[in-house]
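Only one chain is included here, represented as structure tokens and corresponding to the form predicted alone.
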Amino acid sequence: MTNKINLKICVGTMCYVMGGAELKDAIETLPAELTEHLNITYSPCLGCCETQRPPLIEINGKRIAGVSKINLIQIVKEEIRNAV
């Protein structure tokens, strides 16, 4: 795999208190064999919490709302599987 998967986690106030903090923790504790495929960034706001349920992530440009820790790990693993 040559290109990394771009993962952006919203850590704006609304997303952070509604689960973004747990998403940040979950990503930071992933094993290196997963994180080596990711370009992880954090956003102060993805700008859509008024229309979509926080917390939000953006993975390779696709926004996903209402993400839990378990969903996040599944989404990341699936993206990696599809990219290799």
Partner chain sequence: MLYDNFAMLTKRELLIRIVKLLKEKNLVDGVKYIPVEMRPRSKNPIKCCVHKDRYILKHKIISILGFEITDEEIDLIPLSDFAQKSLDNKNAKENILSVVHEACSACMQSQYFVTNMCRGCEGRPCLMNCPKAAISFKGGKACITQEDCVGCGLCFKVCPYHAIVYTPVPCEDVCPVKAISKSEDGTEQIDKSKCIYCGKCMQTCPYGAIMERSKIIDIYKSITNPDKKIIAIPAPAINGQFNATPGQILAAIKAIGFDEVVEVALGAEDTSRNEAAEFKERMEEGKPFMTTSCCPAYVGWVDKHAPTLKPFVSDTRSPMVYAARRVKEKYPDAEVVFIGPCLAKRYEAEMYVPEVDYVMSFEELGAFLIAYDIDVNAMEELPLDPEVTKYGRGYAQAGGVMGAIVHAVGPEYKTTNIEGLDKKNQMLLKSFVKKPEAQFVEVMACEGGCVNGPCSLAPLTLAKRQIKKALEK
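It should be emphasised that the depicted structure is a prediction, and the values quoted were computed from it without experimental measurement. Positions refer to the first chain, counted from 1.
Not pictured, yet referred to below: the form predicted together with the partner chain.
None of the heavy atoms of N39 is located within 4.5 Å of the partner chain in the model of the complex. Put simply, M18 is close to the partner chain in the model of the complex: some heavy atom of it is within 4.5 Å. In the model of the complex, the partner chain lies within 4.5 Å of some heavy atom of T13. Among heavy atoms of E28, some come within 4.5 Å of the partner chain in the model of the complex.
Annotation for 52-84: the only interface residue with the partner chain in the model of the complex is R53 [heavy atom within 4.5 Å].
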